[in-house]
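Here's a solo chain for you in structure tokens, the form predicted on its own.
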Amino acid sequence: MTSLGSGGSRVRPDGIDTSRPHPARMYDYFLGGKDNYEVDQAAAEKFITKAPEVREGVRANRDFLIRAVRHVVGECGIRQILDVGTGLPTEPNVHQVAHALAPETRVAYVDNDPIVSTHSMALLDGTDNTAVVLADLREPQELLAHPEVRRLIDFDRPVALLLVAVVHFLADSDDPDGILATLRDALPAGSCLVLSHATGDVHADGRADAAAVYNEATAPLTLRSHERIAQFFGDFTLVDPGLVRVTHWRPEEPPRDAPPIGIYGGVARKAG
């Protein structure tokens, strides 16, 4: 899960804001990690009281990510991955999953949080075909033009674009449709878009109170409907089973239906 920064008080690239909860650090806390601060822990615990399934949800989201990476590398034969909003490292990481199938796969991790960048670069020390890029999803043209992205990713060949648990940190005022269109348009035929997004569809209360916890964080959480999330795939073709709850996307064993996980996920491919 990424750091996008907030509209009015963006964190300086050389600084780490510990005055407010941060989505990437909260996500790390939900996963049982230690790369978080008291302010993140307090917000995460508040979120848990309003959405007690969140810990199981973030694990299910990670499992979806792993299965999706195996699909795009193993079944689609893609050898370039652009992971935007990578969040703090959590094993197995995307490059580890990809390299287990095809060691030549190139992976560019992108996040705009300095702490994510620092931790990730330490993890990747000495890995030539993998890099960490400090850039912002809200500025897709700059992200695509970043020298490290261009060094690793050849946009004349199929690319797997990962937007896993990050687009819900784009408010409607950020123009998520325009951002997604810019990224999709940069991908050649045969590329894949892997996307997961939080929703309130599966809970009677819509989880509005839980989402409101992020109003004090560096990025708000915008829950969206299945229909709305599906629009982010544009004219890409969803592979089976389509856009479904992450627990139901090609599970390795029958999914549990309780507690319901409010995250949709899907993989789509660009025709050509």
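From 1 onward, residues are counted along the sequence shown. Owing to the predicted nature of the structure, the values given are computational and were not obtained by experimental measurement.
There is also a form predicted together with a small molecule; it is not shown, and the following applies to it.
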Would the small molecule be touched by all three of 53, 207 and 249 in the predicted complex, meaning a heavy atom each within 4.5 Å?
-> no
Counting non-hydrogen atoms within 4.5 angstroms of the small molecule in the predicted complex, say which of 78, 144, 135, 152 makes the cut.
-> 135
Listed residue that, although the small molecule is not shown, lies within 4.5 Å of it in the predicted complex (heavy atoms), from 230, 65, 39, 217 = 65
TL;DR on 182-190, 198-206, 69-77, 135-143: the one with heavy atoms within 4.5 Å of the small molecule in the predicted complex is 135-143
Residue 261, heavy atom within 4.5 angstroms of the small molecule in the predicted complex | no
With heavy atoms only and a cut-off of 4.5 Å, decide whether residue 222 touches the small molecule in the predicted complex.
-> no
4.5 Å heavy atom contact, residue 47 and the small molecule in the predicted complex | no
May I ask you to check whether residue 27 falls inside a 4.5 Å heavy atom distance of the small molecule in the predicted complex?
-> yes
